[in-house]
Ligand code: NIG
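This document starts with one chain, in the form predicted on its own, laid out as structure tokens.
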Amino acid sequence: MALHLYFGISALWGHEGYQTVCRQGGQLGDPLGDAWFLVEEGSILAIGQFIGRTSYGSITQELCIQSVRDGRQQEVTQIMLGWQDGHCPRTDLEGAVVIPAFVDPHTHLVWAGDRSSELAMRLAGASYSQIAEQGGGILSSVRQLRASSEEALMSESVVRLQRLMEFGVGTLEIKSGYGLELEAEAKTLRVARSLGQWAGIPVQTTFMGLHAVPPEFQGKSKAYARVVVDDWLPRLMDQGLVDAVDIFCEEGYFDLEDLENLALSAQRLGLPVKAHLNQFNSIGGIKVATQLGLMSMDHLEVLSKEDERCLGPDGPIAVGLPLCSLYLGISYASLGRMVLKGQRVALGSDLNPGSAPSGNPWLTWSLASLNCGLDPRAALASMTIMAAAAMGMQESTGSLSPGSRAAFMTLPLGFQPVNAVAGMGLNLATKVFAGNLIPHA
């Protein structure tokens, strides 16, 4: 039994489990002061506090166990009563504030090459669709990824993942969708699997063959969608490469019929379904996503009155992507208003080469409060436990409650969530622990 105690924590945020945060309206409660947590084999076994007591002029510390995994209260009590005897390895965090490591439920991290030249086109007034019509956009990345070797793709992607981890990301999702042919999609998903093994953190691989229509199927989007759903998806599933599926449901890309066909096929295979919806237009996707029981619906920058009526606690989790809004200059998702309707909300980076190349979770946090209407505490919940729920992983990551992975970061004494908003993208983490201590570059 490999145990490790972390103590000397001035404030421990994110100690609640998923159901508690949902009952609190998607908000984190107050942090635990003078806190500790006990880790067993990489997972949280127990959390608690040292409570100061004054008696006859002297101050003593009384042990308080807040919560314990698997009913092991007596065992943990014995460990903690003797923690200063050196029987349990321990780390003094010296008064730091601790929050869970970020969870990023929406990235396109594996790509080849560079599309920064498109920024000049955008600054000159070109729209997303106009850039695509001139050979840019998703199909530009498709050409570059197809020409890249798996080794080169891994080398480029490792650098991006390392940067995210230095920013405090301890769990993430990686989508395919820049291959748009079977072997190129498989190559992307293999690299995504290898990245998780390289980093030693959970990486969910999402097959997004329905990201755009490839050149060889131009004008035949329905035929392409049938190939992806009926042929590629089961074959990639048989190779053990797919954890979830996604689709870009938007005018000029794929429609609600394609979403339904993908969802039904994926659900028969036991795969959760996500969808890019309402980024530029409202075409009824939120209603269909709710009816089909999707795990998440991502973007939602554009909402009709009918869309708003479909929002609520029983629908898919809404994943806001404010870095994309910033880069493209489009409207921001009204996440604060969604929360008032009881909608569960998560935040992701949308890290990709064309519309969100930053991936900075600290900037995501700031924009979510400044432009999407999320309270800073709610934004932190949306980047941790709610983001984990958008990946179906809320029982194992995204919080520092018993049973969750011991993935966390330390912040300076006195840190409050509003400081992240004021920091406008500054990385405030002093140390990041996501299985192992991740050194800053």
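Values in this document were obtained by computation on a predicted structure and should not be read as measured data. We number the residues from 1 along the sequence you see.
Not on display, but discussed next: the form predicted in complex with this ligand.
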Of Tyr224, Phe248, Trp362, Trp232, which residue is found within 4.5 angstroms of this ligand in the predicted bound form when only non-hydrogen atoms are counted? Phe248
Single option in Gly168, Gly179, Gly285, Gly354 placed near this ligand in the predicted bound form, where near means a heavy atom within 4.5 Å: Gly354
Is there a heavy atom of His299 no more than 4.5 Å from a heavy atom of this ligand in the predicted bound form? yes
When the contact criterion is heavy atoms within 4.5 Å, does Ile138 count as touching this ligand in the predicted bound form? yes
How about His108: is it within 4.5 Å of this ligand in the predicted bound form, going by heavy atoms? yes
Examine Glu185 and determine whether its closest non-hydrogen atom to this ligand in the predicted bound form is within 4.5 angstroms. no
Interface stretch in the predicted bound form with this ligand - options 149-157, 362-370, 77-85, 273-281, non-hydrogen atom within 4.5 Å: 273-281
With the distance limit set at 4.5 angstroms and only heavy atoms considered, check whether Arg115, Tyr128 and Asp350 all reach this ligand in the predicted bound form. yes
